[in-house]
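First, one chain by itself in structure tokens, the form predicted alone.
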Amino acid sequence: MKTKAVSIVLTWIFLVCLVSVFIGCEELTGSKGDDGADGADGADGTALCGTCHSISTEIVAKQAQYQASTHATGGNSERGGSASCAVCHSSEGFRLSIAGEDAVGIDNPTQPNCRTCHNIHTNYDETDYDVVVTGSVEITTSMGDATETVDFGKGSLCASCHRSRPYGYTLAVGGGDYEVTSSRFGPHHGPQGNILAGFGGYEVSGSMSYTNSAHTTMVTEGCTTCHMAAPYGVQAGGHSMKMGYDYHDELVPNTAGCESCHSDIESFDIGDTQTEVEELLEELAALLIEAGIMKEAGGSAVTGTYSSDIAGARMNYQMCLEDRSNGVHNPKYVKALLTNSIEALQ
């Protein structure tokens, strides 16, 4: 009887516990069939993307234009493996430089691209289109450590690379003899920033004063005003940055960016400026070859010791030649550099 009584008591205890468990679960989970409250709606995952990636063809057009640009097709990105070249010859090196990082060679350098110049996928709004450099930049002369601060607006981004490299030549106007130690003596390719600013040449005295054209101050957005004006398809303007296009085997100038000031423009040779500069370059080249500082074939420098005026004239020739606009960027300054150099050598 005692064993049976214990068994009955244990059975009741088990049943009480079992009922308590089911009651507790029901209190926690609610009655069967009672749905919980809806959660908050999630954000539309594509809402931010649509700011740029809409059905518009704007990005497609800009990408197509850029693929036709010299930056995309011939930017010499292979030079990005060298620390001194990577700053301008690779996207990665350029971004490091504007972030204040030390120059390094890039293992897998890439051509300039959207992310080189814009804040792509930073804030996921319109500010992603902003260029990474605006405002003041320093232009360095090839002949020493002198710098000049200029502000080309959006064009300051271009001038961050399109300027003379600081070689630190100790060449001074009216100084003593100068030893040329490299066949590459002179400004590096692309000193357009120096020419537009009117700074960095060997300013020997002569019949012309060193002043700047209206382009230096009136073109507030610098390079972009003309080179990125209304595009002609993918061949010129816009993100192609080219100033002309081929039309039935004829090179047609893209004057869209010039017309606000030059309403009757038909070519870039306004007032025969380009023709005159080409003639001055030819005349100066002949004198430099005669002086022995420049090779007739290829135009590279000849190492040796020369007067400061001969060495300086070579600097000016290289600077104006590599500007590649035949004076358009700053006619007055270019003409003064070439004319006064010719007079110094005659």
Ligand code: HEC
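Just count from 1 along the sequence shown to find any residue number. Here the structure is a predicted model, which is why all the values come from computation and not from measurement.
Omitted here: the form predicted together with the ligand. The next part is about that form.
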Contact stretch among 170-178, 118-126, 199-207, 100-108 - heavy atom within 4.5 Å of the ligand in the predicted bound form
118-126
Quick one: does residue 222 come within 4.5 Å of the ligand in the predicted bound form, counting heavy atoms only?
yes
Is residue 286 close to the ligand in the predicted bound form, meaning a heavy atom pair under 4.5 Å apart or at it?
no
With the partner left out here, check for me: in the predicted bound form, does some heavy atom of residue 147 sit within 4.5 Å of the ligand?
no
Is there a heavy atom of residue 258 lying 4.5 Å or less from a heavy atom of the ligand in the predicted bound form?
yes
What residues, if any, in 259-298 have a non-hydrogen atom within 4.5 angstroms of the ligand in the predicted bound form?
260, 261, 262, 265, 268, 270, 271, 273, 274
